[in-house]
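The chain below stands alone and is given in structure tokens; this is the form predicted on its own.
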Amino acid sequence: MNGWTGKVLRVNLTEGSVAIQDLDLETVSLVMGGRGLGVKILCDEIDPKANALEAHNKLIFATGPLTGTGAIASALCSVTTKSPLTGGIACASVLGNFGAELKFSGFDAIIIEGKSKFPVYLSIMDDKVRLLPALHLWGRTTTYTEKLIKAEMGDLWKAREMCIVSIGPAGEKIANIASLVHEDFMAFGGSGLGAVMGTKNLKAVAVRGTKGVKVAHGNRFLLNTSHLLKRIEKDPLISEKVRNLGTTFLVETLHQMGFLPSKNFQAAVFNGIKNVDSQALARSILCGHRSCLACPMACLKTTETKKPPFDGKGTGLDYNTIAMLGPNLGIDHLLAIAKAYYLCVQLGIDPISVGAAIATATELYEKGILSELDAGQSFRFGKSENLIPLINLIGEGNGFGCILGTGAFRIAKDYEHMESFMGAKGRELPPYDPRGIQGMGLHFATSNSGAYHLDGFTVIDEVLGIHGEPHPLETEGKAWKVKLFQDLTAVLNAMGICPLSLMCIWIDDMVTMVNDVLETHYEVDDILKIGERIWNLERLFNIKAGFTGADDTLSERLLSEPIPDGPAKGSILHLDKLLPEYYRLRGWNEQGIPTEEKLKDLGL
């Protein structure tokens, strides 16, 4: 079967059983695989109103048809569930080699349901699938968990080829901001997936496979991929910036434009920017470059801090982490930021969520709303010495760490000051000020996963100008652009391609790759329609979960308070202008509900 193994693994943790099912080819013709397959299964099998942290919620790991084929940037494995952070659908991405290894083991997807009575981990070694005791792993960091699981194999060479996704102590403590970790870096788009695994008593999923993936037109696929690689090699953004600095070059880029938030989006000028930008990182702690399977961008950077108490080493320190744990907290201490990131990985906590939670608490403290008695300590922007102890508290689930672990939205809600929460649908904003980047603002407001950047990353055009001159402050054409990027990213995830690849490839490249693998005859419009179908399925899930058009908004500060300083001073998000046009282009009514005509057109 071209591009697919044709098998889905269903794991019932309550019964301790596993079953192998055939892949539904009618489903993949509608929504492809990966994110699309995960969303379709979740919509079909759980009640959207169900509690995300109860046994009937499901966790779906799904690969796309390009995963494991060697197609450009095709390392992605989507993970779909109902989010405890937002109460809506959550679609995260595991990169590295996990997705390919899952495909090589003979499975396109894993459906995990129920709850184990005691801690277990799922071991998949080709056709040998087992649920193994994990009590000895419970309480361990993610890195140590991976080491112990690999040691249990006995064969060190085979262990090197094993790929593991695990949770840390934060997931075990059911922190809403707990994430998944693979090979010492975070899964993208967390939304509390670590808490879902934790509540199921599932510590890890370990996979090793020795099979292959069949490609319909192998020679043509290799030739087209080779041509594409040569084109990417000549791309200055990739060769000069991304390969050398990862996404950290965005620190200075966005700060220079006035779109990098500081002090919980209360400012856009950060005086310590030179201490935390990409050049500071390159001079001091950058020590290596790493790529996911089949990706020519090598955007993952390895860093090492040797000075105690900040000593440590890790992979994946990127723009989002530096901005959220640095300027957003008023911190310009790069070693402290790096150490905080390493700790987030070990404990299994999403660093964007951590930065937002601490920023919200700090704003509340500085305004006299949160007391030192309640918090057990003082909070101040710029106080780097607080960062590491607070992250430890979250991982341990102790003291005020329990409150921080619920996320920024619940902190603001509990203290009855929602103006301090910067986000949408219960999920915190990543560090792209929507008052300046109009398309991103509309995307954040309408994203099915809450304020998540990578499922509609218009920064590629609005800031980097990949497809023409960037015009971030303009509203004209932005509703169309947001819909395009949202649909495109949905089908990218469904194919198994990383969304950051949009920095160097475009729709026609994807069409060529998937047709070579599947022996299909897709056109660009066909591919985009699959993405639109996935986006609307997610929307329908959220509507059934209780969301309405009133939730397509952002925090009041971002709608009524202009950027106070910097190059974009005075800018405001014009959501009132953008949202009606977006609904119209989507084929939704004025309440943001897909019309019957649109659903019929999409086969839904």
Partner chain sequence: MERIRIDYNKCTGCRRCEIACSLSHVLDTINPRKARIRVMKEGDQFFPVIAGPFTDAACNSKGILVLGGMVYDQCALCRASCPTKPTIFREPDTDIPLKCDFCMLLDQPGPSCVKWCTFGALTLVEE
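Positions refer to the first chain, counted from 1. As the structure is a computational prediction, the values presented were derived from the model and not from experiment.
We do not show the form predicted in complex with the partner chain, though everything after this point is about it.
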> When you measure heavy atoms, are 129, 135 and 206 every one within 4.5 angstroms of the partner chain in the model of the complex?
Replying inline: no
> In terms of non-hydrogen atoms within 4.5 angstroms, which of the given stretches 391-399, 413-421, 71-79, 249-257 touches the partner chain in the model of the complex?
Replying inline: 71-79
> Quick one: is residue 379 in contact with the partner chain in the model of the complex, heavy atoms, 4.5 Å cut-off?
Replying inline: no
> Does any heavy atom of residue 296 come within 4.5 Å of a heavy atom of the partner chain in the model of the complex?
Replying inline: yes
> Do residue 151 and the partner chain come within 4.5 Å of each other in the model of the complex, heavy atoms counted?
Replying inline: no
> Do residue 101 and the partner chain share at least one heavy atom pair within 4.5 Å in the model of the complex?
Replying inline: yes
> Only one of 361, 488, 292, 345 has a non-hydrogen atom within 4.5 angstroms of the partner chain in the model of the complex; which is it?
Replying inline: 292
> Which one of 521, 117, 307, 160 is close to the partner chain in the model of the complex, taking close to mean a heavy atom within 4.5 Å?
Replying inline: 160
> Considering only 299-313, what residues come within 4.5 Å of the partner chain in the model of the complex, judged by heavy atoms?
Replying inline: 302, 313
